[in-house]
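Single chain ahead, written as structure tokens, the form predicted on its own.
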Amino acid sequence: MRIKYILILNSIILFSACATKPIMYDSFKPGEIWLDNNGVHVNAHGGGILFDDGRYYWFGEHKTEGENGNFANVGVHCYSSRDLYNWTDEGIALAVMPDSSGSDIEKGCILERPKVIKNNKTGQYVMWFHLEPKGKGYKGALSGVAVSDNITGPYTYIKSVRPNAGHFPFNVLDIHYGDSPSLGQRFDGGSLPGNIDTLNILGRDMKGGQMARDMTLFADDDGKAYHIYSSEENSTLHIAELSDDYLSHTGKYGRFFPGRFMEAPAIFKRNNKYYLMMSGCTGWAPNQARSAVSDGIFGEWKELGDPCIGDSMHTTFHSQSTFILPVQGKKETYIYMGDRWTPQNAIDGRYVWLPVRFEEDRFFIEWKDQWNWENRDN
């Protein structure tokens, strides 16, 4: 068998050159290599999907080979599809800037979990993402925003911020107006000492803006849009209202699940109820998922427990949530989208897509080796 090597922006992808036609899929195979129209593994990690004008657009992190591929060496990749099985490469929607450019999104930064929503008032497509400037580790905890007149880009980077500088949330506690103990180190995975509120990380960061790492976006039926992100040293989830143009925060936000250390938020709406799925904080290692429901975007949120069922449920089927997609034209059809990270060789990350089913006000996800629309409930 003759093998062709293709060099794509510092990444070497190996594939067979024998097939003259692209593989056509008619089902999902979670965790397996998923080829695009060029015969190359889809490269859109930590991603999300926007449905627009009859097509689905998948935006995600473009990974490169090896451990260094966990940094942003290329940018945000975009793919399109009409059936969700077969994906066309639309190129790099947002490219990182060259070395020594001085840009916040310079090559080698950390750019994670890009999500795109359309602003129907302005006609523009708006992308938000978690951003850590090059060489700063995870100390920045910034949110970046970019915009384009075309869904596939190119997107123009506008700015990076810590959200809601100078504003307290609507559910602020009296203790947050007081002094904050000094926190001179980064805390992970629930390792913060003591009660989160007594540490007053919220008050510590009020002037400069709140920390924002793992994130997602949500555009509601009334046109309002929200930025949802892990904050306060990852200990607490914030849900923040975006401005009418989706390019800034309004200062209206709430804090939820304090001290629960939830990452990887994915949100969807069904029957006028809002649902969240999140993971715990264990770095690249998979962990047990959490879920919650609310009658309103700003709560009150009620935790529902782990939505996963069956073997490997306690590791979310060896994946981490990134998005839950409502499928157009198929009633009560939602897809869980998860990432199976391989940090030792970032480009080999796989995707775990599984059907979501409902029992009253709860949702559940069960493993399937292979599935399509016809057998998703079997």
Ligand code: GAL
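Remember, it's a predicted structure, so these values are computed and weren't measured experimentally. Just count from 1 along the sequence shown to find any residue number.
The form predicted in complex with the named molecule is left out here; the points below concern that form.
- At least one heavy atom of residue 320 is located within 4.5 Å of the named molecule in the model of the complex.
- The closest heavy atom approach of residue 208 to the named molecule in the model of the complex falls outside 4.5 Å.
- Of the heavy atoms in residue 284, some are within 4.5 Å of the named molecule in the model of the complex.
- The shortest heavy atom separation between residue 77 and the named molecule in the model of the complex exceeds 4.5 Å.
- For the options 138, 85, 168, 257, the one in contact with the named molecule in the model of the complex, meaning a heavy atom within 4.5 Å, is 138.
- Proximity to the named molecule in the model of the complex, taken as a non-hydrogen atom within 4.5 angstroms, holds for one residue of 214, 197, 90, 233, which is 214.
- Of the candidate stretches 303-311, 173-181, 105-113, 289-297, only 105-113 has residues whose heavy atoms lie within 4.5 Å of the named molecule in the model of the complex.
- Residues are counted as partner-facing when one of their heavy atoms sits within 4.5 Å of the named molecule in the model of the complex; in 245-265 only 263 qualifies.
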